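Coming up are structure 1 and structure 2: the same protein chain in two forms, each one given alone as structure tokens.
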Structure 1
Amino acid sequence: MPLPRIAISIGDPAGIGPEIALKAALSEEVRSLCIPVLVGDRGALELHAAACKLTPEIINVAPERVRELALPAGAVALIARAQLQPGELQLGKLSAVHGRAILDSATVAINAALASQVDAVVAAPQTEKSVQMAGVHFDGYPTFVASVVGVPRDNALLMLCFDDKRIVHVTLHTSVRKAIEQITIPRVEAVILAAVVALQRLGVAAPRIAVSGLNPHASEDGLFGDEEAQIIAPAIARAKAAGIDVEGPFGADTFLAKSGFDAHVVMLHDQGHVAAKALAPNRAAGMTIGTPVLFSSVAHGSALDIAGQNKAKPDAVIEAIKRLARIGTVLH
């Protein structure tokens, strides 16, 4: 069976994205699992390669020729994009042109996956402020993936993955006040179902799901709020009635320690991200679920302060690639 082709969008050219994307693409572990194909501006990639004292042969490849690609040792493949004019790239700086480059690389990679030219996409970190400076509303990769592939924004969800943990978010990049308004019975039930479908797609035949509460200690039978009784528990009951193996609501401060579950559904951004960043700093990968494209990103930022200094580690990119590349039967 041929190795899967995985596109790696290089992220913010002014941050560590190109550095860690290149280091991941050169990793022997990665190359044993897939054919990595970088997507982004060639000049930006060359600049970061020089800063890291890396001298790979960079082979330009058209998206429609990726299936035919065979990589020589020490070479990397690039779907080259003309994103930056001479002098426009400023390492460590915020810029609208950087923001446009971020979205262009990701769009090309996603469309290649949609056209089955690659099997999956991994995105290096973006810088949300630069994207906003480009005049584009952007609240994270999941909803951006949804907009590119043409599915409703609410369909796209984030699954944080590290070690044996998978955490799916009911709400993500919004204020806590607005997030609470978005937590409804249909929404929670839909997220549970999306988690099950994603896990089955990833090879888990009979997923078991744990669901967190919203309030401290899952409200302790109404002592600290009623969202558990009025919203979350009814959503769990509806999912159970549909044949899903799901339990909860559990207190968000302890439920990740509960064993035997294939995924944990949380209500708020920080209920998942605090745990991931504490337990797996710079190793967690964020997988977008609920869309037809297999897409994963890193759970850390673009680290503008160390861009171009050869200090960044590609661990999270490699972890994201490994999770996708090992789904051999799914990718083909």
Structure 2
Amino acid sequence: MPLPRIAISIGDPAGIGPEIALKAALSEEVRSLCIPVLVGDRGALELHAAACKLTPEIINVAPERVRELALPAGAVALIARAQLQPGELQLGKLSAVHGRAILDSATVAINAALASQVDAVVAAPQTEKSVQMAGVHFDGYPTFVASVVGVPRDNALLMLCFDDKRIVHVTLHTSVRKAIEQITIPRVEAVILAAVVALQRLGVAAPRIAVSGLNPHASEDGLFGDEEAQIIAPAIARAKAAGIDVEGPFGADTFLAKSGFDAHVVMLHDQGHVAAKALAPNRAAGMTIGTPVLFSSVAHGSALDIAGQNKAKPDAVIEAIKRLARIGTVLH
């Protein structure tokens, strides 16, 4: 069985992205799990390699050739993009050029996954300010992935991953008032289904899903609010009828501590994010599910202050790759 191919977009060329992408691609652990393929500007990658005193052979590969690629020891593969003119890269700085490079690398990697040239994408850290300077409204990777893939933006869902927890959000970057309106039976059912599909692709054959309520204590049988009875429970019943192993609605304040589930579905941004960031500071990575492309960002930012100093550790990239690496066991 061939190893899965995982594209690693190198993120903000002015940050630590290229450095940690390269270090991850050279890690024995990563290479035992997948064939990593970097995506980004060759000059930027070479500059970071030199700064880290790394001298790997960098093999340019066209996306349509990735499947037949055999990676010699000590070499890394790169889908090379011409993003930066000589002198345009300013380490540690914000700029529109960097912003465009970030989105170009991610777009190329996503398209490679959409064309089944790679099996999944890991994105090294971006710098949102630079993306904004490039004139692009960036609202997190899920909507970006949806726009590149060409599916409705609401199809793309954020699954926060840390330790053995995976938290899927029914609503995300919207006000509490609007979020409540967006919670419908078809929406909740679709999110449960998307979680199951994603987990199966990640190698969990029969995923178990827990679903939160919207109201305090999941409304305690209607004492405060009726969305559990009117929306969430019926959606769970429909998913069960479709053969899915799903339970809930549970009060959101206690259900994250419940073990034995492969994913926890929450209704609101803060129901998932607060616990994730508090319990796993700088360890919660965002995976985009619900589209044909499995896409993961890493748990921390682009650390402009230490760019090009050989100080950054690739652990978060390696962690993201390990989460995605079992994808091959189901796909092939």
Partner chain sequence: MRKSVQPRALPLIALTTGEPAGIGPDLALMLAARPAARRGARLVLVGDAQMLARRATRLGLKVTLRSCAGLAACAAPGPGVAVLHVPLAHPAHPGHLDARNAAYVLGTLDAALAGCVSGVFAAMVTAPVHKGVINEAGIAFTGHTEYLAEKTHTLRVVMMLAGGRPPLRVALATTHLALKDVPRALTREDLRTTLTILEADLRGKFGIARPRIVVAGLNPHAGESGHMGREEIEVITPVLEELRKRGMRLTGPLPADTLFTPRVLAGADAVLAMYHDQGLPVLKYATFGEGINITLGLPIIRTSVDHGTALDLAATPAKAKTADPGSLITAFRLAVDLATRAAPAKRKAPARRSKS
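Keep in mind the model is a prediction, meaning the values are calculated, not measured. We call the rigid core the largest set of C-alpha positions that still match within 1.5 Å between the two forms. Here, a residue number simply tells you its place in the sequence of structure 1, counted from 1.
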Only one structure is the form predicted alone, namely structure 1
Aligning on the rigid core, do we see the C-alpha of P72 shift 2 angstroms or more between structures 1 and 2? no
| Hey, does V266 budge by 2 Å or more at the Cα between structures 1 and 2 once the core is superposed? | yes
- Message: After core superposition, I'd like to know whether S212 moves between structures 1 and 2 (criterion: C-alpha shift of 2 angstroms or more).
- Response: yes
Core-superposed C-alpha displacement of A241 between structures 1 and 2, in angstrom, equals 8.1
Superposed on rigid core, A190 CA travels between structures 1 and 2 a distance in Å of 4.9
